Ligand code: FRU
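Next comes just one chain, in structure tokens: the form predicted alone.
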């Protein structure tokens, strides 16, 4: 009989009370104030709309893996653009294909016939490289969606890469406008009703070539310098490759739009962000202040390495929401400026302020400052007295790593250097310096820096330029340094704020505690704790039992099996496992002894994907019973293991467990 060593020292019929340790959103590299999915893969933001006091964020989502795969639309909502509430997956693939990027509008005038103020989603569907545009609508504020029976509404695609509709209402022409990316150009369509679309014009950027892939275009008006009678139009596009920092990135054009044709003021594009991790950014439709500024959020990653970043259970995050405005620059050109939304300031902890002083080389008055979620707001005076060649900060600093954010006074550039930021093995182009041109304004260089556990966002001179980069340092690397190289610089002011996390407690319900994943990808979600792997993976609690009832509500994803582990040792090399096996369409009881698995009994059962089933195990001595949806499925005897730890198991897929509870045998 195989028994863990400490079995005789514990009362196996008394479960331990749950411990309220909050591991939710607390993994290594997990962003604390940026939006990231609870589990699995995320990329482009989609369908961003403000409706009845809530900001909706949809996004490209693969619910069964932490790498890109068949695209769904994930969903979250917020009242302040800071704190987010996760919602169930909104759109799943159908016979027309996977659900690619798109947008949502509020149909205030019921032009579509779906109802006044209905939410109408327009999105690309991809099936074997064939891309069409489809439509869905919601009459209950985005809680549920009905796919239009006439889908696809646009199917005569001119190019294999024909996607990402970002629709808006054009009041002057009383029509809907749809920009669509088409390989190396932006195509514009018009519609009176969101269903029937006519080609209007196309715009091909000067730098576009056959190798260019444009994605996620958006067209919107903004006042210049806050004056509404000086309105300009902004066209934003995302480049799949060839951006300023390498790989993917975003650019924009300022010009005019007459309801059919966009005409840029100049043919050259401007970069929205000079870092490597700002892509597919779009703005919220129907937002309260859209006539004054737009609020944009972007995918904080890069297609060069997005599938390979070293996060666990989830992959990718969004940038902080940013306020976009048009302002006249020092050289007279009208340019986008951006800044973190004001609501983020509610996350600030106790401020530490520093007065004006001269910063000399090899000194650091921030030696005692620490933080892995922090905001720095600095103003440097740069004039004829400045002898420093470069100055700035090093954040997430440890013994052998740091991320440098600085100003090169000789080149007149602001930069972010992640050459020694931490893990970079996953891509040989990751550990690089990214820089942007920046002239002092009235003899000053300002920096606003947002540091999270796996990212840095830098805004120079009140948002004239920005640089956004992911970083992957050790958890212990939390130092902050202020530096000046080869000379002096005057620091006019510095404000340092710790930033609070935005996430609450896990919604996984269990009377067991001390859960620890032995292998696989595990994360708590709104539906429960989710495990995913291609092989057998285990997660164990710190409670043990001998004779008991053990149960859960379990949902098997698109494939594989999941179930309850009991009488296990700490390695799960000796354990019983009762699983719901979707490919085999059975309930199965099996055991592992010294790592060798064998089946004890099976029971045929209809198991549909994404359906929640109830699984229950009861033990009394050698007897083991397994109930499936309240029906006795298996009753057998085995004396290999008499007691041990409780746990969960997934195999070759994704399973979600909720209400995992155990009760001692009475």
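Positions refer to the first chain, counted from 1. Bear in mind that the values here come from a model prediction, so they are computed numbers and not experimental data.
Another form, the form predicted together with the named molecule, is not on view; read the next lines as being about it.
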Find the only residue in 134, 466, 237, 101 having a heavy atom within 4.5 Å of the named molecule in the model of the complex.
101
Which pick from 472, 415, 257, 303 sits with a heavy atom within 4.5 Å of the named molecule in the model of the complex?
303
Pick from 620-628, 27-35, 42-50, 593-601: which stretch has a heavy atom within 4.5 Å of the named molecule in the model of the complex?
42-50
Please run the contact check for residue 164 against the named molecule in the model of the complex: heavy atoms, 4.5 angstroms, yes or no?
yes
In the model of the complex, residue 71 touching the named molecule (heavy atom, 4.5 Å):
yes
Taking any heavy atom pair closer than or equal to 4.5 Å as contact, tell me whether residue 216 reaches the named molecule in the model of the complex.
yes
Contact flag, residue 430 vs the named molecule in the model of the complex, heavy atom cut 4.5 Å:
no
